[in-house]
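There is one chain below, alone, in structure tokens, taken in the form predicted on its own.
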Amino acid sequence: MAGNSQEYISHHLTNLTYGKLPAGYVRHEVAEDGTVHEHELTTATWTMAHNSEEAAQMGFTAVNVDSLGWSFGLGALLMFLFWRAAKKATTGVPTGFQNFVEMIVEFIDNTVKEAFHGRNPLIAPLAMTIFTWVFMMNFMDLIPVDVLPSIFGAMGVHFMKVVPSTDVNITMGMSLTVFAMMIFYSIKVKGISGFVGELTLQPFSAKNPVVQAIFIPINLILESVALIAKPISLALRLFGNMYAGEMIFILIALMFSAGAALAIMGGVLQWAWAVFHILVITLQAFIFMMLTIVYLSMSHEDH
């Protein structure tokens, strides 16, 4: 049972990965009768990974197809839904969906007005995109863990992680985009000299130029660490919370194969955790959006 449980957990946490295996790599393929065949690659080969070991051998060029596919798919779904709401918008009595979209837009708009102290028409649309997109990616965690992997498994797809925010590559990609915008607007608003000055002339300063020169490398180290920590913490906070939530769902799902009593308990626990997790996925989307607004607001402040 322990071995089966470990395989079950490992299977649900493995991405569908596409990448290049190096020449000379020995693949172990399992035939229908259960026998294992070894096959050595004579040339570097682009292929789907059959297990996590092969995915690791593919290195940095590997792509998690499932994470990217669900991310793009959910993004396209959001664009379609908001486009449809805008197209059918009316000045009369709004429909339920139009009213829901207007509530989201008003909520994001008020949040940006309160937290962002600069002038940039991009921030509100960016905040709404982040909140709704991250929420949709997190929402996939509420789908029973075996439903979509079983459907894709019947079509010959062996691995399928359906929660993009449990993939650190996705969260880090979003946070690095925010980081790039932070650097861009810092230089645009403050100039290169102002941006460099913020990194070298604080938090320690002195009127004596000699003492100030001594403080410059210390300030640079402290401020650089604080600056780099922002995108890292932004990515890992979302990833860590969603990964832990997915792991709990997987562990609860194991209870369904451990007898009737544990199956009933698992059903109760799954329902209770799903209700609580609705708050978690919403809060994590809000935090990611809010920190993005705050970081970009700091980039627009010249002091």
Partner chain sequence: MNINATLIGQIITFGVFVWFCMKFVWPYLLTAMQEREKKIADGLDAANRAARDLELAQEKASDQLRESKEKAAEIIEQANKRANQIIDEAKEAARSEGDRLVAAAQAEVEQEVNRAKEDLRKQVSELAVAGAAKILGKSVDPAAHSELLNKLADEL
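All values reported here derive from a predicted model rather than from experimental measurement. Positions refer to the first chain, counted from 1.
What comes next is about the form predicted in complex with its partner chain, which does not appear here.
Annotated contacts: G59, I108 and I170 all touch its partner chain in the predicted bound form [non-hydrogen atom within 4.5 angstroms]. Proximity to its partner chain in the predicted bound form, defined as a heavy atom within 4.5 Å, holds among V163, M160, M136, M128 only for M128. In terms of contact with its partner chain in the predicted bound form, the residue from G75, G153, G118, P144 that brings a heavy atom within 4.5 Å is G75.
Here the chain stands alone, but in the predicted bound form its contact with its partner chain, taken as any heavy atom within 4.5 Å, falls in 92-100 among 186-194, 224-232, 211-219, 92-100. Heavy atoms of Q284 never reach within 4.5 Å of its partner chain in the predicted bound form, leaving it off the interface.
Taking non-hydrogen atoms only, T200 never approaches its partner chain to within 4.5 angstroms in the predicted bound form. In the predicted bound form, no heavy atom of A206 sits within 4.5 Å of its partner chain. Its partner chain in the predicted bound form comes within 4.5 Å of a heavy atom belonging to L68. Shown here without its partner chain, the chain has no residue in 196-229 lying with a heavy atom within 4.5 Å of that partner in the predicted bound form.
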